[in-house]
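The chain below stands alone and is given in structure tokens; this is the form predicted on its own.
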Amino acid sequence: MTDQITDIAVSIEGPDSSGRFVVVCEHASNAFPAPWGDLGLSAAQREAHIAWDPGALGLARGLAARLNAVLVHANSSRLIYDLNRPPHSAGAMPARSEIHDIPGNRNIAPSERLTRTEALYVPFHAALRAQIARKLALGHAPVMITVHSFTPVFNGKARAVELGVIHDADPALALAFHAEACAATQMDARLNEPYSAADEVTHTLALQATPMGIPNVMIELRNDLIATPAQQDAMAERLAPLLLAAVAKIEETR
């Protein structure tokens, strides 16, 4: 049995897990490996939310452990390549993020876009697709959960929402999970906030889950709620039963 497979683009934790869930964390890392280096950013900028989703990987690991899931996560900063964006998107290698200029992404040549795409995007999504194919082949009827975090203040504006539940073309699991979260927690949980598919944030769902009819949802936690390992573990303990209940609910009607 293999516990983990890893390279510069992707890590797969628990590839032999027997559960149905496939947990994905595209913005897990703020690593800036060679040959790209720091993209001209300060140490503080490389630690900030623009570079990754703080707390998301710890939460994703907690959920994967409780759901007996395989976890597929990124190993490089989303500023080098945002794995939740297609290669032709300006957001895949942004020249600016929120109030920050990204010098190393300014005027990227097509050849450099291709290099990053082939080094990071292609192997990440190939690895994810392979894990989905394994579940399908074994008859495990996969369910995809993508895990993200968002900053409490964006462009100077405070965000009250605590839990965002986002869907692509198939809203069934998102609607069921949102209902469970509203009923079972005191959190400010909202559908398609602080982002929605209109903001290009559902690429992984649209690419990997929607075409195969796989139930899916993207969850966004405000990062002050998952700032420490203890908070991440507690949130995973809170949300995992709600995800299981949501899947059971949608399967009652299918």
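Residue numbers here begin at 1 and follow the sequence given. Given the structure is predicted, the values throughout are model-derived calculations rather than measurements.
The protein also exists as the form predicted in complex with another copy of the chain; that form is not presented, and the subsequent description refers to it.
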- Item | Triplet Gly19, Trp52 and Ala65 all within 4.5 Å of another copy of the chain in the model of the complex via a heavy atom | no
- another copy of the chain isn't shown here, but in the model of the complex which of Leu136, Ala183, Ala90, Ala169 has a heavy atom within 4.5 Å of it? Leu136
- Which one, Asn75, Thr151, Ser97, Thr117, lies within 4.5 Å of another copy of the chain in the model of the complex by heavy atoms? Thr117
- Query: With the partner left out of view, is Arg129 within 4.5 angstroms of another copy of the chain in the model of the complex by any non-hydrogen atom?
  - Reply: yes
- Message: in the model of the complex, is there a heavy atom of another copy of the chain that lies within 4.5 Å of any heavy atom of Pro211, even though the partner is absent here?
- Response: yes
- Message: in the model of the complex, does Ala160 come within 4.5 Å of another copy of the chain, counting heavy atoms only?
- Response: no
- Answer for Pro103 alone: is it within 4.5 Å of another copy of the chain in the model of the complex, judged on heavy atom distances? no
- Task: Mind telling me which stretch in 57 to 65, 198 to 206, 221 to 229, 22 to 30 gets its heavy atoms within 4.5 Å of another copy of the chain in the model of the complex?
- Result: 198 to 206
